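The data below hold one chain only, encoded as structure tokens and taken in the form predicted alone.
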């Protein structure tokens, strides 16, 4: 049964919730009297042994224990921390932007994680706008099942689900001063999502089936280390224009490939006559998402743009004001507009 909203009067300007449903991270956003509020969780879980030693270790590390289908596991950031402790890779409820078909308990796990990070609805059927990937241009991945799973989950939590293209959420949050004209790009763990708009009208929206996970796996394979070691190298603070170790050099090489490939896929779409004809002047291209936050990312983008003709004039290639929160903020704006 859906939870009942609290019996209080909520001003319209506070109604609405945004949810960035990412392969690597889940981010929720809403507005209260104190301003914008966000909650974050790693979209990960890890099955662990049920022996006394493991349970004692979890207790010492203050990691809550969860039972999923009769198996002991840890979820969210706790799963990530625990996996690093044992140099194990976390399991994912999502893969390449959608519900992971290889994990039988994926839906159960994502429900568990979202239920712990998402607030209860403040009014009946409060709108929760959630990010949805575009159809990939380089893969046969179908997003229909994924969309229905998230819609059902949010409905069960008492929300009215409202999907929004992940990259259009970036446009809403970052291109207001440009009258919502330009290119929004969300670089996530599973995919790159792209939305091209003219005065808020969507000209094209699509995804590219490469993300941070693609970089991590190939970088790890190239230097024969675990993916966890690659992740730690990225998260300690590195730059892909000045790598300082063997692992960082591998990461930098695959980041350049990833950026080049993504720009080439964007160019293919923008070179179609119907798309390019919409623009008569230079526009901004804005990048957001966790995979864009590595040091030197935008420098490599700008360098690659000198040799990749996107088919339109670019005024500026820039980062979002807050790359990590950009999508959730765009989802929040969409929910607020739908709530009137």
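Numbering follows the first chain given and starts at 1. Model, not experiment: these values are computed from the prediction.
Below, we turn to the form predicted together with a small molecule, even though it does not appear here.
Region of this chain that lies against the small molecule in the predicted bound form, out of 66-74, 44-52, 24-32, 310-318 [heavy atom, 4.5 Å]: Stretch with heavy atoms near the partner: 24-32.
Please check if residue 189 has a heavy atom lying within 4.5 Å of any heavy atom of the small molecule in the predicted bound form. Flag for residue 189 set to yes.
With heavy atoms only and a cut-off of 4.5 Å, decide whether residue 235 touches the small molecule in the predicted bound form. Answer yes; at least one heavy atom of residue 235 falls within 4.5 Å of the small molecule in the predicted bound form.
Test of understanding: in the predicted bound form, would residue 300 fall inside 4.5 Å of the small molecule by heavy atoms? No - in the predicted bound form, heavy atoms of residue 300 and the small molecule never come within 4.5 Å of each other.
Applying a 4.5 Å heavy atom distance criterion, does residue 263 contact the small molecule in the predicted bound form? Looking in the predicted bound form, residue contacts with the small molecule do not include residue 263, since no heavy atom lies within 4.5 Å.
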